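Read the single chain below, which is given as structure tokens and is the form predicted alone.
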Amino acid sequence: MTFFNEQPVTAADKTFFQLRKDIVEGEVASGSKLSETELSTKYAVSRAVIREAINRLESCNLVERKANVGARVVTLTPEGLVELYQVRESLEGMAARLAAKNMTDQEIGDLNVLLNTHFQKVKTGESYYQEAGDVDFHYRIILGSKNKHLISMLIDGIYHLVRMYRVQLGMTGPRITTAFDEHKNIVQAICNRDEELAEMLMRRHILYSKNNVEKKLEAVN
């Protein structure tokens, strides 16, 4: 399961990963203009390295360019959320269906171990915040689909923008325990190799998640 195990190879990779993390977590505010000069000072790299990072961030939908304005971090909006989650619901539903068919028993066992570690956090009422990558429940299931095109569409295409909405708006409050219970039910369906149920539960889970984030976004706006 190392298909998307990202390791920075170059200084440019390192800067790209750091800037992406800062955008996802709100350290660099949504909607803010990206100045190559300021960022090159902040990250202590050349403007060429920053330019490359911004281009890569644009391809994973975290940055948008507008004529006469330049590059900006995407703004989190109710309309953007709805469009993003319509795609996410469909693609991750398919991923869950394929995971029920294609994950090995060992991979499903590892998924259960991951859920048990999450349970300790949920029990203490901590924010249900998961680090990007291998420990993230959704990431494991996407990789478990074993479909390279689907993995690329989700991980390269929309994954970090989804995380941006989730991290900044969606992972605290009463939703924590219900989200965890939904995760448990999805894993049970995958464990039972019930493809149809796994897809249905994942789609419903993402719909509930969208409704939760949408309420918070409306409250902010």
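Only a predicted model underlies this, so the values are computations on that prediction, with no experimental measurement involved. Superpose the two forms; the largest set of C-alphas matching within 1.5 Å is the rigid core. So that there is no doubt, residue numbering starts at 1 and follows the sequence shown.
The same protein has a further form, the form predicted in complex with the DNA, not shown here; the description that follows concerns it.
Here the chain stands by itself, but in the model of the complex one stretch of 24-32, 37-45, 161-169, 185-193, 37-45, has heavy atoms within 4.5 Å of the DNA.
Interface residue remark: Val49 is counted as part of the site for the DNA in the model of the complex, having a heavy atom within 4.5 Å. In the model of the complex, the DNA sits within 4.5 Å of a heavy atom of Ala11. For Ala71, the Cα coordinates differ by 2 angstroms or more between this form and the one not shown after the core has been superposed. After superposing the rigid core, the Cα of Asp156 is displaced by less than 2 Å between this form and the one not shown. Once both forms are fitted on their rigid core, the CA atom of Ala12 lies 2 Å or more apart between this form and the one not shown.
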